[in-house]
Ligand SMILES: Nc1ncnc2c1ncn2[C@@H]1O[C@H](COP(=O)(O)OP(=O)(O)OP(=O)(O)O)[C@@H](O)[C@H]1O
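Here you get one chain, nothing else, as structure tokens; it is the form predicted alone.
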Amino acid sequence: MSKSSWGTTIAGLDIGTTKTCAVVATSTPEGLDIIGVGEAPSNGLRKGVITDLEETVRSIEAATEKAERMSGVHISHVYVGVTGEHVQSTNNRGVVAISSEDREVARNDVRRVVEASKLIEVGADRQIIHALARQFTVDGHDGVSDPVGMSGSRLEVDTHIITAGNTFITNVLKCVHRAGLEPAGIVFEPLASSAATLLAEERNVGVALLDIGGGTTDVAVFTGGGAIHTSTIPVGGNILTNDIALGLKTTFAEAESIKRTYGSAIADTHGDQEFPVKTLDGKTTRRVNRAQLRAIVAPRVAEIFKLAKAQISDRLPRDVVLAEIVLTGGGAHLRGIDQAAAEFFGLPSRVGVPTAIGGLTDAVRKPEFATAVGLVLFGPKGDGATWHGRNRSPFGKIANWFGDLWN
């Protein structure tokens, strides 16, 4: 974070499978204003996991340079989004005795009980990156959102705990550091996307967010105001593009263009409309209609929904009923995908775009910017967005700094 002519600036870095995005925001009395955005192609990741350090570093450098040029602000620290199958989640409960003589809950008691909830078995190759308080209980009275100032002798908390693989996190931090940046915090990407796109009412009544990126689909389920399940599916929009390329016998780049221009998840009145498809050598074209394209796209969309539904059904308590599906990420641009989701899940569905921000809203009010914008909204809150390092990597000092900053 740094200072601009407006106020404190905050930067988020979304290192995706298909693109890397940097967003710079500045604090104002009304909230956050976006003052800079930068994008660059990602060539060093596969399904959210880094496969080429140098390519990833170059993508980070290119995206942050563009954001700096637009904002006129030097970026030094960034909130970094992470995703991938290595990220896992569970729910746990912590209990402590209220420590003060007057039996009034203090901030320190809240920190202590959240720390107590982190006492779970975590493999030597994993780290806790989030411990999100869902609700508190004071002397048996549950459903408390903020217990500070309340009187009692026993404080309990229900938390949603997210862990990630040490190796993956170390490689991400290494790329960020080599790009000349320092991580201000680490955020599991669906939490960031949720912060940018979900309304408080949706979090309370029950909502599932599907963030469909290029290589992965992130899932986050909220009810009662807090997260109860988060996960990552190793399938995203790129698999649709691959299927189109194979089915229409064309290049990946041509298939991506076709998907964006003519692709649809539902049947429509334009099924007979034809469009040209370049051959693999690019020298000739042939005609294909949109109904043929939909026959390729729709089954893959249904597969993504099926995988998401299976995870949600397995992890959702029986007494929890969802009221809505929100789709975001670049995959949410597919025509009719919200209608397809409504039919598949049997719930109202909408496409989520970043809200509750000012500044360059036209530039970021798109589903593919949900994670990057969410990083600057979620990160500074300190809702568990920390790197609890065990000092097993060259980033031990950064790990300790994060602990001092947030704990």
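Predicted, not measured: the structure shown is a model, and the values here were computed from it. Residue indices: 1-based, along the sequence shown.
Just so it is clear, the following notes concern the form predicted together with the ligand, a form of the same protein that is not shown.
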(Q) If the cut-off is 4.5 angstroms on heavy atoms, which of these, G48, P354, G38, G44, is the one near the ligand in the predicted complex? (A) G48
Q | Candidate from L334, A179, L198, V87 lying within 4.5 Å of the ligand in the predicted complex - any heavy atom | A | L334
(Q) Each of G185, G374 and G379 within 4.5 Å of the ligand in the predicted complex, by any heavy atom, yes or no? (A) no
Q: Would you check, heavy atoms only and a 4.5 Å threshold, whether G213 touches the ligand in the predicted complex?
A: yes
Q.
Is it the case that G330, even though its partner is missing from this view, gets within 4.5 Å of the ligand in the predicted complex, heavy atoms only?
A. yes
Q) Wondering, does G16 line up within 4.5 Å of the ligand in the predicted complex on heavy atoms? A) yes
Q) Hey, in the predicted complex, is H229 touching the ligand, heavy atoms inside 4.5 Å? A) no
**Q.** the ligand in the predicted complex: contacting segment from 160-168, 109-117, 213-221, 288-296, heavy atom within 4.5 Å
**A.** 213-221
Q: Select from 174-193 the residues with a non-hydrogen atom within 4.5 Å of the ligand in the predicted complex and write them out in sequence order.
A: E189
